[in-house]
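So this first bit is one chain, no partners, the form predicted alone, shown in structure tokens.
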């Protein structure tokens, strides 16, 4: 198991980006990734939507008093997410209308994602406001970087293109274009990612 229990600023950044990466290690909010991120451009839309909703929802949720009953806190997180969703969807419809249309149901589902609840309940209550803010930023960056990397690999293998530009792949794996193929590819990339982290950890321990 990959664990890096370091609550310093450097440790928080390393955990968010690597050891507890939301996609490759924790496996959070992967449904929209395997469905939507089959090319780099769609992945960009996905990460912008995720980042907007998650950042402002987590930031505002951090001010919910800790002594409120757990069930009520979860409801408040959802309400906050819904309030953040409205201006976010208006902004993105103006910026990239076709991308928002393509996101479909996944955009509003971000407000109830396991990522928001898990970070709010298991991490942020243990951190100062400064470290919490740092955690939010780099967790989102870690998620976004993983999604973009996955989408780039998937587009190359499935379509023989990158950002829509043909790169002349000798073989295209059409099965990776559908969600089932995307799920398998994501699992393989995550396994390689974790293996690399474990290898680095073992090398450092010697």
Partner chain sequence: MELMGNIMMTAFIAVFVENTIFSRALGTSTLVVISRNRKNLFGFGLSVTYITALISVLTYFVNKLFANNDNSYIYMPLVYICVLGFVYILTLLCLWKFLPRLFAKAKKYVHISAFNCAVLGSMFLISKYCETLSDYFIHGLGIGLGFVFAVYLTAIVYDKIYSEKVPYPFRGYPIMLIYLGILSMAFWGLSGHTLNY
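No experiment lies behind these values; they were computed from the predicted model shown. Numbering follows the first chain given and starts at 1.
Only in words, not in the display: the form predicted in complex with its partner chain, which the text now covers.
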item: Option touching its partner chain, based on a heavy atom within 4.5 Å in the predicted bound form, out of 146, 140, 48, 34; value: 34
item: Which of 57-65, 153-161, 40-48, 172-180 sits within 4.5 Å of its partner chain in the predicted bound form, heavy atom basis; value: 172-180
item: Distance check, residue 29 to its partner chain in the predicted bound form, heavy atom within 4.5 Å; value: yes
item: 4.5 Å heavy atom contact, residue 111 to its partner chain in the predicted bound form; value: yes
item: 4.5 angstroms heavy atom contact with its partner chain in the predicted bound form for residue 95; value: no
item: Partner proximity in the predicted bound form: residue 128 to its partner chain, non-hydrogen atom cutoff 4.5 Å; value: no
item: Sequence-ordered residues of 176-203 touching its partner chain in the predicted bound form, heavy atom within 4.5 Å; value: 178, 179, 180, 183, 184, 186, 187, 188, 190, 191, 194, 195, 198
